[in-house]
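The chain below stands alone and is given in structure tokens; this is the form predicted alone.
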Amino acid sequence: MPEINTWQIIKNNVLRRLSERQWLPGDTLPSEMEFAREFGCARATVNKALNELASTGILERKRKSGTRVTINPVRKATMSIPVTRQEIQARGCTYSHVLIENTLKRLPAHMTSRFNVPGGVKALHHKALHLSDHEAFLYEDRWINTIVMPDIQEVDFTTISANEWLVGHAPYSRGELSILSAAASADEALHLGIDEGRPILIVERTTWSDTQPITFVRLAYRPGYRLNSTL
């Protein structure tokens, strides 16, 4: 069996033993060296397999304490930032977007608090409407930290959306995500073509590079949107 696949074999073997309850919650697993001898591979290969399982919350790994079965496993969900153009095209629809605003201005009080920066700081305020088959799909209201992303002021957002440009050019170290149902504001209702106050799905997301905020965005989806993810 090629070495490149050995870590997957170990991972599947451990999962099988767990399902058969050979190890119970709180039990300590064999050491990396013992697994390496059993499967005839390097310890680094075992380490990769066990780390993969630990990343899902099934196992706990501590230096000098070894690996044990998690007593109360917490399943971790991961979400990537979608590119709206790709999301719409994947539905078999035609994508387009309209730039509404792209202005450098002082951050309002609620944004200085969110970004943890002093008052008077300026950022790029970006608004755009994303369309699916020429109908409103998503209204984007975004603030971008130009200190972290100075080149963004030179981007032509009539040819590429801020969403797509940032996904490709702004790697982030952490993020905060909120998903809520809220009444459409006057601004959101105007651009989505719905009545003000109508309940809609809102996604709010802040991304950070170490301690520096990159961007905050509020995404307002037209009624009927379904948000899908994997666990």
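No experiment lies behind these values; they were computed from the predicted model shown. Here, rigid core means the biggest group of C-alpha atoms that superpose within 1.5 Å across both forms. Throughout, we count residues from 1 along the sequence that is shown.
Below, we turn to the form predicted together with the DNA, even though it does not appear here.
**Student:** Since exactly one of 70, 185, 56, 31 fits, which has a heavy atom within 4.5 Å of the DNA in the predicted bound form?
**Tutor:** Contact residue from the list: 31.
**Student:** Do residue 193 and the DNA come within 4.5 Å of each other in the predicted bound form, heavy atoms counted?
**Tutor:** Judged by the heavy-atom cut-off of 4.5 Å, residue 193 is well away from the DNA in the predicted bound form.
**Student:** With the partner left out of view, is residue 66 within 4.5 angstroms of the DNA in the predicted bound form by any non-hydrogen atom?
**Tutor:** The answer is yes: residue 66 has a heavy atom within 4.5 Å of the DNA.
**Student:** My question is simply whether residue 62 lines the interface with the DNA in the predicted bound form - judged by any non-hydrogen atom within 4.5 Å.
**Tutor:** Yes, residue 62 lies within 4.5 Å of the DNA in the predicted bound form.
**Student:** Could you tell me if residue 40 has a non-hydrogen atom within 4.5 Å of the DNA in the predicted bound form?
**Tutor:** Yes.
**Student:** Want to guess which of 174-182, 158-166, 193-201, 42-50 is within 4.5 Å of the DNA in the predicted bound form, heavy atoms only?
**Tutor:** Careful reading of the contacts points to 42-50.
**Student:** Using a rigid core superposition, assess whether residue 204 undergoes a CA shift of 2 Å or more between the shown form and the other one.
**Tutor:** No, its C-alpha moves less than 2 Å.
**Student:** If I superpose the two forms on their rigid core, does the C-alpha of residue 164 end up displaced by 2 Å or more between the shown form and the other one?
**Tutor:** Not so; residue 164 is displaced by less than 2 Å.
**Student:** Spell out whether the Cα of residue 218 moves at least 2 Å between the shown form and the other one when the two forms are superposed on their rigid core.
**Tutor:** Superposed on the core, residue 218 moves its C-alpha less than 2 Å between the shown form and the other one.
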